[in-house]
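Read the single chain below, which is given as structure tokens and is the form predicted alone.
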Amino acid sequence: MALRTAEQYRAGLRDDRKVYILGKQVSDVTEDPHIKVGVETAAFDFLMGHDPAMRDLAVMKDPETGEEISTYFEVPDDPECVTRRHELVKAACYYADCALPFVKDVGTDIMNGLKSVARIMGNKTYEERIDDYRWHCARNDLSMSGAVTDVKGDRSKSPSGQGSPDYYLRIVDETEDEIVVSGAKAHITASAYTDEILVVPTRNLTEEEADYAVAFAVPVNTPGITQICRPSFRYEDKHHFPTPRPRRGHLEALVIFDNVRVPKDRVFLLREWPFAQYVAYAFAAFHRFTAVTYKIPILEIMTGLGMLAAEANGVAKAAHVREKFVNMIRYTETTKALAKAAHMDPENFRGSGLYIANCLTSNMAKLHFASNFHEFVRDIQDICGGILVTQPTYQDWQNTELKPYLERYMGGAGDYSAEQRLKLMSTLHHVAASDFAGWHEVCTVHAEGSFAAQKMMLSIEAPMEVYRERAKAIVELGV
């Protein structure tokens, strides 16, 4: 059943999964007014394969059967795969109204990381299992989410030092054919509306913490899995002026595993504690570049919106505003340049035979993006002015008594009518001043790794000894 339609994807989500939002259990995630935002965003992954304009990027041949499958499932076993992945993720974000569909990229980044580690371990069983799982998902065109981050409790302590053993997901029982796991994973994007969920460790572990060294995959509707979601915004938002394209985005869940049974053919790490950190590192190596890639369309659109705001307010030629334009362009184009440098210089990840974008440059790109995003948003806020947060609502515009006043007083510079200016500022409010905008700013800091994680990766990946030896040669030091 390769290349499902969007409606087949939606139908597959009606499977009695246990999902809560705002304290109430959801009977159908495709119809909940909050969750459907994510469902409709994810559905673009299933539109791409049937759109002639996207097929060259979105569709590949199954290497065994010749059947058409999603390109997301490509094994990155040659350097050119890295650029193809970059173009696919970027195009998907443009295609989905500037929001990455997000239900195949994370899962396949985890698959690629697990396959790399299985090869590094020399564990043929794990490699065969992850290959079987990859082609099962590809041939059934399944959506996947990745459960990486544990709830962690006291972050100064490792799993064994916590006041509760439940702050990290762990194995609580094992039989010949299955394991039983308990715990929770936090901040899990799109998990409420995917078919499968892949679980991997989030950090290094010690021998006494071997039960926490586990990686596996299960269907989202597996008994014992409960998801508690938080909305970022509603699909039917009556306050904002309507636009031709609905607003897109995702929401996260706290995913609880309460004595969940996992067949061993779906287990990819089982108490091999020295390799837990390898898995976390490998996933980050693949996924951080995905993250940088999908940021590019977002930055381009937000830069354009800031420029439109300056036009509507009549300040586009003001010196201080033009300086902000330069800052916004510099930020956007530097992020793009670093992403391009990373995929143009792929590397064989730790000799595994799987290729990733240059790890050092990918982390530089992610750190640059995350470190400067808040100033970027601040410049847009400054250009917009107070109307960004004080503008009348669309409900006011629809009031026949109020509309003449708004038409009289809310017009902008040049040819901007009151309706055009309010429509623009309504869109800008969503991306730069709403609850969703706050969510986006926090995600920019913490999603795909914190500042500290990226800096740690820079320290690991940078050729520090080369720098040191070259300096020694210049000053002829014998130490």
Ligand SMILES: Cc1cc2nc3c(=O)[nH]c(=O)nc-3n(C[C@H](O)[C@H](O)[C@H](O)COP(=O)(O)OP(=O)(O)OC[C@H]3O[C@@H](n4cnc5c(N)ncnc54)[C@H](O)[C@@H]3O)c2cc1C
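One rule holds for the numbers: they count along the sequence shown, beginning at 1. This one's a predicted model, so the numbers in the text were calculated from it and none came from an experiment.
We do not show the form predicted together with the ligand, though everything after this point is about it.
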Contact segment among 450-458, 61-69, 426-434, 32-40, judged by heavy atoms lying within 4.5 Å of the ligand in the model of the complex: 450-458
- line: Contact with the ligand in the model of the complex, heavy atom within 4.5 Å, among 141, 196, 252, 109 goes to 252
query: Can you pick the one in 186, 172, 120, 344 that has a heavy atom within 4.5 Å of the ligand in the model of the complex?
result: 186
query: At the 4.5 Å heavy atom threshold, is residue 82 in contact with the ligand in the model of the complex?
result: no
query: Might residue 155 be said to contact the ligand in the model of the complex, defining contact as any heavy atom within 4.5 Å?
result: yes
field: 4.5 Å heavy atom contact, residue 147 and the ligand in the model of the complex
entry: yes
query: Should residue 443 be counted as a contact of the ligand in the model of the complex, where contact means heavy atoms within 4.5 Å?
result: yes
